[in-house]
Ligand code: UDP
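Read the single chain below, which is given as structure tokens and is the form predicted on its own.
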Amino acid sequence: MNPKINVKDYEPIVGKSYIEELRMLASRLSGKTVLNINSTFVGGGVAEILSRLVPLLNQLGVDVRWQIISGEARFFKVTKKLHNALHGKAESISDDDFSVFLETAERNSRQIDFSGDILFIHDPQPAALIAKKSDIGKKWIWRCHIDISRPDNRVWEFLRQFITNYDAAVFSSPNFAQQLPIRQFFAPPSIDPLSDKNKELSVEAVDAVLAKYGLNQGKPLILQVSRFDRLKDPLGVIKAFELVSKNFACQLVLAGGTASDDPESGEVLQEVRERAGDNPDIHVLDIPPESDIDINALQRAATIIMQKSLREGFALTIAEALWKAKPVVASAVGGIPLQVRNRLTGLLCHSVEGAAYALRQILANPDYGQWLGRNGKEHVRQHFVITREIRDYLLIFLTLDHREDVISL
């Protein structure tokens, strides 16, 4: 964490009383340790959120730690298929795939240091670590960052046998959840407005990044930032852009990278490059992890930011775009409608043609785009800033930790 950033620095954004409330809640967890476990330190929204949440919670006085599971390439191929299937995509998953998942969980359960009073397990990859609960006890929470409202039934039943042994599950939205015999909480993800990806940048810094990637500063820029993943529909974005560019001079930037737990991303990147061909107005940027300033600059330079996903978890790229007061065109899937209130904080679409129509509306009426952007920034300030997520988690930890005391009263 940037040493110049302090919890107090968030006061101008959310107010002094909000920060004081966080300190009060954190003080009630004194002496407790929270251990986060997920599948990667870099790449993807979960790692990005934890990289900010963990140091901020520690600064508030809560002992919060973070470990990752390890696995061979085959394990991550399996978990990618499980991820897609939980989103409802058809996947061929064998009994052998399930065995790989279980064997990896067993190996990690012997290697991980489970020192913690509250075990906070993120997403499907490490979910089977719950088997350790019978040996060590503690409070266990499963944090699901994806939409499992319409999963492949076989995959969900396999995963459900582990989830039901947790003390609680946390989802990003009530619409993402399944019926479970355990307690459920809802906590939308958030962005950190003071991180390198979201902090204010000078005009000179933005211009330098545009020059670095050879982008035309005088031409309207349509941008999608996301991991190269078929569910993010980068090919659909190109199709929508091609429809729009017949009437408007503009350029498209598809900026993203790969995640260590997503073995398909390199293959998808190649598909996108082939589809873009030699069109000089389509720029496919493979940006390495921890290039947050570059992403920030691209978002601030964009005329319109897209997220044309076919399936989606929460899509923090939307909150990032709205925080920068940019008009957004996005699919009405996953957690996107929680952020994009159609025709108020952005425009929702359901098809390539719908995306193209929305892009034309904003390109033809820049004042309308600016109005959408201003509304969007205030929406994020009220609902999707990191201090709110910290508050949600502190309350969940306290609720679980003191449940017996509450009942006895």
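The numbering used is simple: start at 1 and walk along the sequence shown. Quantities reported herein were computed from a predicted structural model and do not represent experimental measurements.
The form predicted in complex with uridine-5'-diphosphate (UDP) exists for this protein as well; it is not shown, and the discussion that follows is about that form.
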property: The single option of Pro151, Pro220, Gly257, Pro337 touching uridine-5'-diphosphate (UDP) in the predicted bound form, heavy atom within 4.5 Å; result: Gly257
property: Heavy atom within 4.5 Å of uridine-5'-diphosphate (UDP) in the predicted bound form - the one residue of Ala128, Ala330, Val225, Ala85 that qualifies; result: Val225
property: Among 311-319, 263-271, 89-97, 104-112, the region lying within 4.5 Å of uridine-5'-diphosphate (UDP) in the predicted bound form by heavy atom distance; result: 311-319
property: uridine-5'-diphosphate (UDP) contact at Ile287 in the predicted bound form, heavy atom, 4.5 Å; result: yes
property: Interface membership of Lys232, uridine-5'-diphosphate (UDP) in the predicted bound form, 4.5 Å heavy atom rule; result: yes
property: In the predicted bound form, Gly45 touching uridine-5'-diphosphate (UDP) (heavy atom, 4.5 Å); result: yes
property: Residue contact check: Ala177 to uridine-5'-diphosphate (UDP) in the predicted bound form, 4.5 Å heavy atom; result: no
